[in-house]
Every structure is written in C-alpha cells, then in structure tokens.
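First, one chain by itself in structure tokens, the form predicted on its own.
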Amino acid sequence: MVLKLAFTITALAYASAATLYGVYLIRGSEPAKLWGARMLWASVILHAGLFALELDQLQGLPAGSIHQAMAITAMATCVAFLALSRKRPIAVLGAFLTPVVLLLFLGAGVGRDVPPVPGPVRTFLLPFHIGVNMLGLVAFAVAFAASVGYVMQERQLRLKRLGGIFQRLPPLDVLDKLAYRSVLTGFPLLTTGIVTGALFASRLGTMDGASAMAAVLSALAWILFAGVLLLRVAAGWTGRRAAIGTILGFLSTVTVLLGYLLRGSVIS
C-alpha cells in the first residue's frame, strides 16, 4: 500500500512537471518555467525515495529487470536535463522530454513481477551491459528533445511565425549541436550494449520471436544513428533531416524497451 501511494505521488509529480513545461512552451509563462524545474527536482527526490522503499525487491541486482532499468533511466534523464539546463538556455525542451520521462516511469510500474536473471548471463558483464544501455538511452532522450525542438523551430521559421513559441525555443544551431553531441555520446554506448547483448544471447543459446524482433529493432536504431553521424561528417548533413533521423532512431530504441516490457523479461 505504501509503495503504491509513493508511486502514485511520484507519477503525479512528473505529470505536474510535464504540464508546467508545456504551459511555458505554449504561453511563455516564466513562473511555469521556474516551477517546472522545481517540480522536476521534487520528482527526482520522490523517485529516489521510492527506490529506497523498494530496496528489498531488487533481487540482489539493481536494474536487473526492464522495469527497474526504465525507472532508473527516467530519473537519470531528469538529472541530465536539469544539469544541462543550468548551463544552456534549453529549459523549454522540458516540454518534450518530461512526457517521455513520465511514460518511462509509468512503464516501470507495469507488471513489476519479473523472472529471475538467468544463470548463464549472471556475470560481471551484466551490470556493465545494463549500465551502458541506460546511459545511452539518457543521451538519446536528450537528443530526441533537441531534435523535436529543431523540427518545430524550423517550421516556425519557414512559416515566418517569429513570435510566441519561436522566441522561446533555442536557436537552430544550439538545438542542432545539442542533438549531435548527444547522439555522439549515446552511439558508442548503444554499440557496446548491442555487442554485450549478443554475447548474452549466445550464452543462452536460444532466441524466441520477441528476442529476435528486439535484436532487429536494436540494429535498426544503430543503423539510423550511425547514418545520422556518418552523413553529418561525410556530407555535412545538418538540420531537419538529421533531426528526423535522430527522432526515428530514438523511437526505435523505445520500441525495443516496450517489447521487453510486454515480455516482462530481464534485459538481454
């Protein structure tokens, strides 16, 4: 009962932060911006308290299940965004990022009973594999928010709507650089996660249809992000096309998470 109440309160805090950031994006309310950041910090603190209540349910391996990993990723994404917001004028991107965080958090609370970690993959590499996947998703979430902001800002500029939302979104070059650097950070982490995941799959010796689909989607995400980086370097690809490629890559990684969530499985 206590855990359910703590989960509900934390979810409401995340939802409030998302609402406040949305109000700031649409109406430009400075109080909404200020309280959005405060509410997001409060959400992180509440989330940390929820983790403390769940310590006895971690099965000896933090983030050993997809639910635990999603919860940690949600909190880590908030911390990364709040830290970046202190150095860059990107607070408005919270309107795109906080809904993703809320969905990750809610997903982490669905079907929390999971099978134990299989013996063949219970090695020192498993925490490393889980860690790089979570950090990569955090980086891609930031890149996703910056890319959505870029597409929206570029459209406002193309339609010559130079007031309202246009004034609140960061300049195109700021959004483009943030998305590029975030993808550049997340890509080697994704690559490492795919390689270690393949090692675990070989240890298990079997792969069902869901695992095969997850592998395909992971490969698709890798190809999309690799293509964005390659075309940026080789062809000077920037702007809207790079932003759309980044958005599609992030959606592919989220789809992989959803697949594992529906299976209720351990990350592999």
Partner chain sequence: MSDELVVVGLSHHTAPVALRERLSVPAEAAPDELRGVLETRALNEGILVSTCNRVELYGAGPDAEAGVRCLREYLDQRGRPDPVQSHLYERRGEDAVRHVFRVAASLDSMVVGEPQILGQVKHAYEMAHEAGSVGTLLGRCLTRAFAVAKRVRSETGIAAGTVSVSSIACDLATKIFGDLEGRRTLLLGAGEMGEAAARALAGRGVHLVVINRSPEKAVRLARESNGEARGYEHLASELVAADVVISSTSAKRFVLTRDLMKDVVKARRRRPLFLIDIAVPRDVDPRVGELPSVFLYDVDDLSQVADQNLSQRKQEVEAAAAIVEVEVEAFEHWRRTLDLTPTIVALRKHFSTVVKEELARTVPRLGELSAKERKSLDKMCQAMVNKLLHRPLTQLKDGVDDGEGPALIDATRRLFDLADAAAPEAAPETKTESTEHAAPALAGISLGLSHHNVSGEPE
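Values in this document were obtained by computation on a predicted structure and should not be read as measured data. Positions refer to the first chain, counted from 1.
Although not depicted, the form predicted together with its partner chain is the subject of the following passage.
Partner proximity in the model of the complex, defined as non-hydrogen atoms within 4.5 angstroms of its partner chain, places exactly one of 185-193, 75-83, 97-105, 156-164 at the interface: 156-164. Shown without its partner, this chain lists Ile130, Leu169, Ala71, Ala143 as candidates; in the model of the complex, only Leu169 has a non-hydrogen atom within 4.5 angstroms of its partner chain. At a distance threshold of 4.5 angstroms between non-hydrogen atoms, Arg38 is out of contact with its partner chain in the model of the complex. By the criterion of a heavy atom within 4.5 Å, Thr238 is counted among the residues contacting its partner chain in the model of the complex. Its partner chain is not shown here, and in the model of the complex it never comes within 4.5 Å of any heavy atom of Ala52.
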